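Listed next as structure tokens is one chain, alone, in the form predicted alone.
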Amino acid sequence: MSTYVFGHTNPDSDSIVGAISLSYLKNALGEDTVPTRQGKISPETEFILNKFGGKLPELKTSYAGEEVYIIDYSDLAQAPEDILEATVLGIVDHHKLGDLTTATPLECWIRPVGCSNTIVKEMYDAAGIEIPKDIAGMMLCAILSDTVIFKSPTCTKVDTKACKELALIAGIEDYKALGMEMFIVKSAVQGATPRELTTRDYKEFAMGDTKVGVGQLEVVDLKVFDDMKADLHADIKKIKEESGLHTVMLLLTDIMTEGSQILVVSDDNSKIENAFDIKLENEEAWLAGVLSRKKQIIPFLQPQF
């Protein structure tokens, strides 16, 4: 029986590539694993897979009775609904420790770095397993994405070291240029529906007795949202109502000017205003220097609840 490897719901590039890279490593160590995904991939992830000939992991949303490795999360809100009926053999993650618990001992690699694939790179090194050229290229892109080409405050020396080593394996000379090529693809939002955009990189978090949804769209120029901001705002209001959430926020992140405009729908705007020491105007505000949801949004928002 195969063991499944997968990331969080609404998977980003780190989750998809992480499932692929971790599954290859486990198979090289003698296990029988299959990379899977919980949802639709983004244009950025599609670009990465096409660039390096990666195979799209199969879609699987139910894991009851299965043995699994999970990567890039440890929160129940980002897990399959039946995750507690699965046997979690291991977790690889770079976020805060979530509320997922297990009935059996497990392998854990949880590190405060910019990307889960950085940790997977360390796992390959520790096991003495060579990384194939195609997988190295995909891992490189995942790290460039999560660290916003090293601009994010989550980026560490471990991430930059991993990128340099992966670039050598993949035969990529100018990996920052590759990162910009990838983010230009990520910025192509024309033709997508509001729901496709608001959920492209969207996560829900348990905060106190409530749940909060936070989405993020990273682009090279915020002007791409000029004609669609009202529709995005209307859609996060629908998400809030459909899921019974206290608050939904959408970060429109400009990686060039290094900041995020936030769109907010909340039962209590003061919680957002107090968290970031701002005043919302028309349920919007600009957060200078904010690039990371993980490090610059959630840790400040959660204490308000």
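From 1 onward, residues are counted along the sequence shown. Here the structure is a predicted model, which means the values were calculated and not measured.
What follows is about the form predicted together with a further copy of the same chain, which we do not show.
Looking at 130, 174, 107, 227, which is the one with a non-hydrogen atom within 4.5 Å of a further copy of the same chain in the model of the complex?
It is 107.
Among 111, 195, 151, 211, which has any heavy atom within 4.5 Å of a further copy of the same chain in the model of the complex?
Only one listed residue qualifies here, and that residue is 111.
Is residue 122 part of the interface with a further copy of the same chain in the model of the complex - any heavy atom within 4.5 Å?
Output for residue 122 is yes: heavy atoms within 4.5 Å of a further copy of the same chain.
Heavy atoms within 4.5 Å of a further copy of the same chain in the model of the complex: does residue 91 have any?
Judged by the heavy-atom cut-off of 4.5 Å, residue 91 is in contact with a further copy of the same chain in the model of the complex.
Would you classify residue 293 as touching a further copy of the same chain in the model of the complex, given a 4.5 Å non-hydrogen atom cut-off?
Looking in the model of the complex, residue contacts with a further copy of the same chain do not include residue 293, since no heavy atom lies within 4.5 Å.
Please run the contact check for residue 85 against a further copy of the same chain in the model of the complex: heavy atoms, 4.5 angstroms, yes or no?
No, residue 85 sits far enough from a further copy of the same chain in the model of the complex that none of its heavy atoms falls within 4.5 Å.
Want to guess which of 111-119, 166-174, 219-227, 136-144 is within 4.5 Å of a further copy of the same chain in the model of the complex, heavy atoms only?
Partner-contacting stretch among the options: 111-119.
Across 67-103, which residues bring a heavy atom to within 4.5 Å of a further copy of the same chain in the model of the complex?
Sequence-ordered list: 91, 94, 95, 96, 97, 98, 99, 100, 101, 102, 103.
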